[in-house]
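A single chain, nothing else alongside it, follows as structure tokens in the form predicted alone.
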Amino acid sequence: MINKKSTEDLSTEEKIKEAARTVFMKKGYSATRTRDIAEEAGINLALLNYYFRSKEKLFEIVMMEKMQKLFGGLVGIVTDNDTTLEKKIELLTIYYIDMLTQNPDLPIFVLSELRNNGEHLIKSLPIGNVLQQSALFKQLQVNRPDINPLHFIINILGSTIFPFVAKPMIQAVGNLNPKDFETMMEERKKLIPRWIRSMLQTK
């Protein structure tokens, strides 16, 4: 038999987390008050403090979720020993464009908050070690031993993430409506792997 109190606690805790996600994404860490989160969750401040003692704790939970979403998806791709280098580049491109199309505000939030408040959190997500030891890094080193593999990683991430960070500017410069922007992102799924392949082949 399910314990009713445990179920209620879980429901309240999840309600607070969801409210924190909404408020932090909208206001950022510095401008958010615990009272804002309590109001968004529809509970009183005392109840929020009962579940989470500080804004910092809630922010850490939200940031880890967002960082996992932004960076965690690449782990399975870059560590796959059976996938060719070209296929990895294609899969990374598709993953990021699809994920950011669904979560367009994610990179601005994560990068901004990491810069301002949460640099220690990046150490909790050992993406650097994963990349350095990955099959992707080894394949890049074999193909272009004269170039640090990190250059290619930066180019892939920059090519996929930057358009979403700069979306308002790109739409204004290109006179693009939202549908046009989505079409352009779909085109980039094919173009970015071509550009990276060209870089790999150019001596």
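Keep in mind it's a predicted model, so treat the numbers as computed, not measured. Don't overthink the numbering: it's just position in the shown sequence, from 1.
Another form, the form predicted in complex with the DNA, is not on view; read the next lines as being about it.
K.L.:
Is F162 near the DNA? Define near as a heavy atom within 4.5 Å, in the predicted bound form.
P.N.:
Answer no; every heavy atom of F162 is more than 4.5 Å from the DNA in the predicted bound form.
K.L.:
Looking at the partner-bound form in the predicted bound form, is T22 within 4.5 Å of the DNA by any heavy atom?
P.N.:
Because no heavy atom of T22 falls inside 4.5 Å of the DNA in the predicted bound form, the answer is no.
K.L.:
Does at least one non-hydrogen atom of Y51 fall within 4.5 angstroms of the DNA in the predicted bound form?
P.N.:
Because a heavy atom of Y51 falls inside 4.5 Å of the DNA in the predicted bound form, the answer is yes.
K.L.:
So in the predicted bound form, does N44 come within 4.5 Å of the DNA, heavy atom to heavy atom?
P.N.:
Close contact exists here: in the predicted bound form, N44 approaches the DNA to within 4.5 Å, heavy atoms only.
K.L.:
Name the stretch: of 132-140, 170-178, 150-158, 35-43, exactly one has residues whose heavy atoms fall within 4.5 Å of the DNA in the predicted bound form.
P.N.:
Checking each option against the 4.5 Å cut-off leaves 35-43.
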